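Okay, here we've got a single chain as structure tokens, the form predicted alone, with questions on binding and movement later.
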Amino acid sequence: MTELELRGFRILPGYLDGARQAALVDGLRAVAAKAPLFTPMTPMGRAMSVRMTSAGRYGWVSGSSGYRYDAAHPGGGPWPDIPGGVLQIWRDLVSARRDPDCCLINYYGEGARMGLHQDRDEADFSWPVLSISLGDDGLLRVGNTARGGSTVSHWLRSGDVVVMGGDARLTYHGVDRIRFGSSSLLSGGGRINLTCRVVD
């Protein structure tokens, strides 16, 4: 495995082998059974193209009151625990001292994308964001710490892991598109992206 660096983003291609990817998907199915995927709305009332859910002490939600973390799923009830396989990756690559408070689970179906954004709803930016890609390839676009300027892109594949920390913690980034059907990991196609964050 050759580690890559993209504007401060630490990319570990193929970090997870096929067996670990499949085990993670099984764990995520159990999460979604307790906290079903939902379509988030922007504060302007537009539906996002991804569907999402979360695991951990908090989940990330959005709507007319803005983007925020909440202790309850929009349908009611607490979020499920973060699967052990996800926590192990965090402990190996980020910290064995402090587990993440939230594992945000985004599902990208055919045509889904995520515009350039910063992950800045957390209280402490000294903790990295850990990103795990499962399923179809996704085109990651990385910008700058302020809006505007040039961007660079990189195709993320199933099993790739990204650590966004240090000076890159508040860098704008997004997913321009996916190659639907490029992976056989998910029976119906699509891409799952997990991002683990320390919230408090």
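Heads up: residue numbers just count along the shown sequence, starting at 1. Note that this is a predicted model, so its numbers are computed, not measured.
Separately, the form predicted in complex with ligand SIN exists; it is not shown, and the next lines address it.
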property	result
4.5 Å heavy atom contact, Ala168 and ligand SIN in the predicted bound form	no
4.5 angstroms heavy atom contact with ligand SIN in the predicted bound form for Arg120	no
Residue contact check: Met114 to ligand SIN in the predicted bound form, 4.5 Å heavy atom	yes
Non-hydrogen atom contact Leu156 with ligand SIN in the predicted bound form at 4.5 angstroms	yes
The single option of Val175, Val161, Leu28, Val61 touching ligand SIN in the predicted bound form, heavy atom within 4.5 Å	Val175
Listed range touching ligand SIN, judged in the predicted bound form by heavy atoms within 4.5 Å, from 120 to 128, 86 to 94, 70 to 78, 104 to 112	104 to 112
Stretch 168 to 200: residues contacting ligand SIN in the predicted bound form, 4.5 Å heavy atom cut-off	His173, Val175, Arg191, Asn193, Thr195, Arg197
